[in-house]
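Single chain ahead, by itself, as structure tokens, in the form predicted alone.
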């Protein structure tokens, strides 16, 4: 069993492509087959090596390892042209000399008659004399593959069941090579090339999006003409936006690289993408890793309907992953982000305590930057913090607290010591303990919201920032 992902390196790794890769990977890992990569880089103008690198890096990041070296489609162009010549020689294909203006006029005439535009096969049976006349005019020719209008194409789709197409619904004879001088063969086109490369790679199952269904009907005819075994096909549902339309760049984030930059983890992304179109077996939780999913993955649990993208579900899964991580693992992921922000942790023990403090409230990895900011940079006072410090007795109580801190050689301050200091200050100042705690939060963290106050105070005290902040605020 051999399956493949065949991305075009004309852009970064799209979530739809990544989900297709994931379904291919899950299927082969469940069945013990091989997952292969083919880079379809024959679009010379738009294909770029950096996009190939981005695609492969993205698959690696998601944990979708492949089993053989990636195949470059552009390296097989001579084989593609040789196959076209073989189809011409066998009478399965022919050169069409119709000009673009003639084809446009044909389509307009069909529309005027209320018909669907399609090629009318006008050059399928040219005589040698007619061909020579076109050549003498200096006309260029595409190569078209003959499609019998009365043919019936049937296959059992692993997701959708039996599929049926008529040859007459496929738009007429199919172009398999771009326009070129009459004696030459132009650049081979997608539907033929993908068939030739799948045959070359020994692909047994083609798993791809439902937008390829019409292509499948055409490709089955090509397999038959080439005398090759036809693989099994599975057409998965598309990923939809909130309006039920195909997810596109217009909807914002669609690149795996963008999700990574936003702070999503590969575990959560792979988990969520599996749920986009696949339903878990009864008794299985929706939070899982892809190795667990591969053990139970089957096509009969893939939905036919499109899967709507749900940010809330993705965020929930990402939070679950982060909350499962140990402080050590979380720190390993946050340290590079802190360094990018220009921060250096004070020591390993202090940093581990900090991530243990902020970890439970994180949804995205980038939250670990914003929530850690007050521990590296003195924050500006928010309006709510200024209001809190304006309460009668608040600053006076904090001055008394600061005085006690200055008179005692604290080597940092632990939460039980902090509790005693606040209670002592409340008794001596006549200010309620709750006001002192809220005011202390405002002074130290600049906000009335945030992590546990006493643990935060302890962390700031261990690096000598608590007294400095109190003195500046007061």
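Quick caveat: nothing in here was measured; it's all calculated off a predicted structure. Residue numbers count along the first chain shown, from 1.
Separately, the form predicted in complex with a small molecule exists; it is not shown, and the next lines address it.
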Flag this candidate site as yes only if 375, 442 and 446 all have a heavy atom within 4.5 Å of the small molecule in the predicted complex; otherwise mark no. no
Of 81, 395, 124, 212, which residue is found within 4.5 angstroms of the small molecule in the predicted complex when only non-hydrogen atoms are counted? 212
Let me know the one among 288, 309, 134, 190 whose heavy atoms come within 4.5 Å of the small molecule in the predicted complex, would you? 190
Within 4.5 Å, heavy atoms only: does residue 208 come near the small molecule in the predicted complex? yes
Taking heavy atoms only, is residue 40 within 4.5 angstroms of the small molecule in the predicted complex? yes
Might residue 194 be said to contact the small molecule in the predicted complex, defining contact as any heavy atom within 4.5 Å? yes
